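Here's a solo chain for you in structure tokens, the form predicted alone.
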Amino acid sequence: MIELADTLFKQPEEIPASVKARHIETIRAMLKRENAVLIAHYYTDPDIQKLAEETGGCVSDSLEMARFGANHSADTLIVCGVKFMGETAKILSPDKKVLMPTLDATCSLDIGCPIDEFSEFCDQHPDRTVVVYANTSAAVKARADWVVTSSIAVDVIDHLDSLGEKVLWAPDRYLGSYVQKKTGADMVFWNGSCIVHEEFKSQRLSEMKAVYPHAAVLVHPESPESVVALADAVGSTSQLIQAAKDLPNKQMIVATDQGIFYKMQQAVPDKELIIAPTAGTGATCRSCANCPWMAMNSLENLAQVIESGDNEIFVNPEIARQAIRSLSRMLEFKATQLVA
């Protein structure tokens, strides 16, 4: 059972069931015709996640999305998420066509880390290993030594610290601070943040914990430090889903984008999931636990893009050549972990 906090954003208008069914059947047929596969992030519409599952696609975090697309035999990858995810898919699968339901879906972390300013910041710290979060443009990835996702950020930085390397981290300062506290590494930070996770407030979360005293609190590390301090589990989207399974609590207060509830509820059908509030002192509720760009992915524009072939992702070949190095380090590091 999903309980909505009183601060939850106004739900988009539901399309008629007959229209939804028509879109779904159209998409299914075209996926077969075009030898295409759906790759969807946990934060997209549950209808899109369900369709990806049912058609042999992937619903996952950004790391597994990247790995899945690179390893799949499809000629066309349909990436349902935000633009940096489509760019990453194209860099790792240059011979495949990569389409997205919309090219307008971006990310506050990507927007807040423009390549010219970021390059200047890197030049100011030439002795540091440059590590960037996946939520960045292809050009920023090309400037970096490593790309990481939240699921392996701590492990990668711990590894670099063990080698005596000093780190320049970008763009999310909250995730960077969390990683530094976990590893003790020498790090300097770009000043970026996610508009969804920054809106979680410790004041309201504490109030909700009082209402649900037996609930576990699950928090994404892109959240402010005061929110992370209240968590029973901190981690990436996939790690939070695993935590919901592992923790004995029957109620979970979840502080990340509410799109995760589709897969999390599948994992723990007998548990109650509660959306953490985003209001509190200083809150603007710009996001209210829902990424406005992820919400741009819909069944309607998904059907349109498969039919038309529009919204194809292209990456400058030279940028792609440089970015593949930092992305490959991430994938190779993860593969090493899996073998170990």
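From a predicted model like this one, the values you see are computed outputs, not experimental measurements. The first residue of the sequence shown is number 1, and the count goes up from there.
Omitted here: the form predicted in complex with a small molecule. The next part is about that form.
The small molecule in the predicted bound form is approached by residue 220, whose closest heavy atom lies within 4.5 angstroms of it. Among residues of the shown chain, residue 150 is one whose heavy atoms approach the small molecule to within 4.5 Å in the predicted bound form. Looking at residue 88, you'd find every heavy atom of it more than 4.5 angstroms from the small molecule in the predicted bound form. For residue 197, a non-hydrogen atom is located within 4.5 Å of the small molecule in the predicted bound form, even though that partner is not displayed. Among the residues 183, 258, 236, 137, the one placing a heavy atom within 4.5 Å of the small molecule in the predicted bound form is 236. Only one of 56 to 64, 32 to 40, 305 to 313, 268 to 276 places residue heavy atoms within 4.5 angstroms of the small molecule in the predicted bound form, namely 56 to 64.
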